[in-house]
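In structure tokens, one chain follows: the form predicted alone.
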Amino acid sequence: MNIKTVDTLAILGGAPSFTEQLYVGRPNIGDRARLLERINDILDRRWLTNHGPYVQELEKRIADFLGVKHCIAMCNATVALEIAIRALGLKGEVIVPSMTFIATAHALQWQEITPVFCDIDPVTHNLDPKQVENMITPRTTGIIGVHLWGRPCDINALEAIAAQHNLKLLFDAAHAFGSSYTGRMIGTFGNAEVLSFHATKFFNSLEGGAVVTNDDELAQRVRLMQNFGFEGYDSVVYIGTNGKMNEMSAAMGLTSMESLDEFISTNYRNYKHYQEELNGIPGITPIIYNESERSNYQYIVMEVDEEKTRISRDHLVKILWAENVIARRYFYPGCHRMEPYRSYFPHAGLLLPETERLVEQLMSLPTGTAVTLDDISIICQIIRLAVEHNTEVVDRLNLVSVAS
């Protein structure tokens, strides 16, 4: 999006603006002193990678926290997805949502597996099990469900479909660390689940991810594959790559674990405040989390109904950017509209009506420990004023676009 500074304050009648940027996914930082203590210990040990003690400790802490048998830490979640896909023996076609980060599709296409894009439930934004059934062909070998915004897929329905058709079931749980489904922690379902600890996630290890599973044989294959296929010091018994997490990342992950409750509490506080401040704005519908389950509350996402707001999602994003609020269009424009998929499947959108609608309506707002309650009130005031003054705002933005 080509966003230029707009005299938004004049348009909106004096709404406050921010002198520094507030953006989606600004990293949470735990106890800095404890992190530096760990880093100094790593430097003193001179054990920087190759399954060091901090990686081992982080794997154990995560497995215990989730109640899963195996956690294999990785350099990032994309490599973790690629390795999990290969370790599961997926091939041919795999059903995935288009409403996801592009890495989910790329992890398949990179291995010459065809991602078959499936539509989503309009309420949950996750795979619609009924549509999944319609997409199964003789070439289908698996399903990848994405727990979007940390809200779990309809896991029971997807497990039943996978069992009925003898398909592998993998979950992209990049958004869902710390969330639960029917009382069980995400990370314990399907054949395996993949976690992300990227810097933009509420829990981060600077850069990193993990494969978690209760399948002993699968875990062994994943461990071999993330270390070039080495078994022992100089014996290679399997094809593999370099997917290992380093000790610095593990140190950050352990430090983040110690602040996990604080991060989630802050996210929940922000979520409730956004709900209060956005309440009553025509056409603005924030997503709702199921408070009877555990959740990380790390995404503040809202649908913008232009028929009611009389201002588009994209115009709202431009206004917020002009005020240094770096809101995001998620997951615009949908994987099926990105290359190479739009060339491979030019008519995919015809089978994805809910995805096509939502990619034009969804936007994500800043949250996390870098955002205060006052910040949230100002962000929501800007949105409220933009909707109230919709005609004037759109006219001014159109003039700016013409002038540029």
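Values in this document were obtained by computation on a predicted structure and should not be read as measured data. Counting begins at 1, following the sequence as shown.
Although it is not shown, the form predicted together with a small molecule is what the next lines describe.
Asker: Could you spot which one of Ser249, Ser196, Ser98, Asn267 gets a heavy atom to within 4.5 Å of the small molecule in the predicted bound form?
Answerer: The residue in contact is Ser196.
Asker: Under a 4.5 angstroms heavy atom criterion, identify the one residue in Arg342, Arg26, Lys69, His51 near the small molecule in the predicted bound form.
Answerer: Only one option qualifies, and that one is Arg26.
Asker: Verify the contact flag for Thr255: yes if a non-hydrogen atom of it lies within 4.5 Å of a non-hydrogen atom of the small molecule in the predicted bound form, no if not.
Answerer: Output for Thr255 is no: heavy atoms all beyond 4.5 Å of the small molecule.
Asker: Residue-level contact is defined here as any heavy atom of the residue lying within 4.5 Å of the small molecule in the predicted bound form; does Val146 satisfy this criterion?
Answerer: Val146: contacts the small molecule in the predicted bound form.
Asker: Within a 4.5 Å heavy atom cut-off, is Gly187 in contact with the small molecule in the predicted bound form?
Answerer: Gly187 lies outside the contact set for the small molecule.
Asker: Is Ala77 near the small molecule? Define near as a heavy atom within 4.5 Å, in the predicted bound form.
Answerer: Ala77 belongs to the contact set for the small molecule.
Asker: If we take heavy atoms and a 4.5 Å cut-off, which stretch out of 43-51, 26-34, 354-362, 375-383 is in contact with the small molecule in the predicted bound form?
Answerer: Selected range: 26-34.
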